[in-house]
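The chain below stands alone and is given in structure tokens; this is the form predicted on its own.
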């Protein structure tokens, strides 16, 4: 209970800091889905639909097929971004985490509070994406709202996992490599834009091993009412595993760096 109470305190602190930048963040949260759905959904989507008879996958137009996948990738990007440079800054550059631990807060409360705030941010961004998708006619409102939770779980998994990774770093080179060789390939090849069955067979297991594929499967199933490749519980368990392992690694490594 002490850890939870400390997490709530750190969450409140993060929310108070966020109020100074939320206007710019909200602008980006609305602008990104508008641009992506306009360019990839309506622009490229018209070409795709013309070639496929307006039914790219399971009788859905391309913009409809694309919208839940982009919601999941946006959740991934938000979770990863909020747990990368800010975490290294807190540990190494600005040392704000040292100041936090000068209070009664514990490392466990700091880690849990940070991830809880990231999860809240991801849910908000996913809500905005869903509403924009409804405005574009890509999703129905009930389905868009239903897709927020699996998208949130996707962002939570990435937020925790990237926090664990970032807790080892002293320089931003590792973060640049993470986004260049990890986040970007997952964004392109984890089923958001096309089914992974269209990938070469030897690459498909790599796509399945990524948490984003599981998030895309769950979000698309919720948003479109289609079935998932695996049982939904298995997809949730994979995302939960990334979350738990990331939290455990972050707590252990940050304890070593901040206290030991």
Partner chain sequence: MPSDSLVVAKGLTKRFGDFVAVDNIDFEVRSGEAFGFLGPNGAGKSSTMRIIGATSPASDGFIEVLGLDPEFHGSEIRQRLGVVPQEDNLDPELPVDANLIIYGRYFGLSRSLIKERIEELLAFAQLSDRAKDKVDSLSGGMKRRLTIARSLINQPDLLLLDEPTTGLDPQARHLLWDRLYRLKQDGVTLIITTHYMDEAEQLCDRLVVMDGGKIVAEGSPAALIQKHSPREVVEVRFPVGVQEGVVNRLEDLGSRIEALPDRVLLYTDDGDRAAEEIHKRGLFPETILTRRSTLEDVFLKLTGRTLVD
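What we label the rigid core is the largest C-alpha set whose atoms superpose within 1.5 Å from one form to the other. Values in this document were obtained by computation on a predicted structure and should not be read as measured data. Residue numbers count along the first chain shown, from 1.
Keep in mind that the form predicted in complex with its partner chain is missing from the display, and what follows is about it.
Here the chain stands by itself, but in the predicted bound form one stretch of 96 to 104, 111 to 119, 72 to 80, 162 to 170, 96 to 104, has heavy atoms within 4.5 Å of its partner chain.
Although the partner is absent here, residue 4 sits far enough away that none of its heavy atoms falls within 4.5 Å of its partner chain in the predicted bound form. Remark: residue 252 does not count among the residues lining its partner chain in the predicted bound form, judged by a heavy atom distance of 4.5 Å or less. The closest non-hydrogen atom of residue 25 lies beyond 4.5 Å of its partner chain in the predicted bound form.
When contacts are judged by a 4.5 Å heavy atom cut-off, residue 243 does not count as touching its partner chain in the predicted bound form. Residues of 1 to 32 placing a heavy atom within 4.5 Å of its partner chain in the predicted bound form, in sequence order: 6, 9, 10, 12, 13, 16, 17, 20, 21. Core-aligned CA deviation for residue 18 between this form and the one not shown: less than 2 Å.
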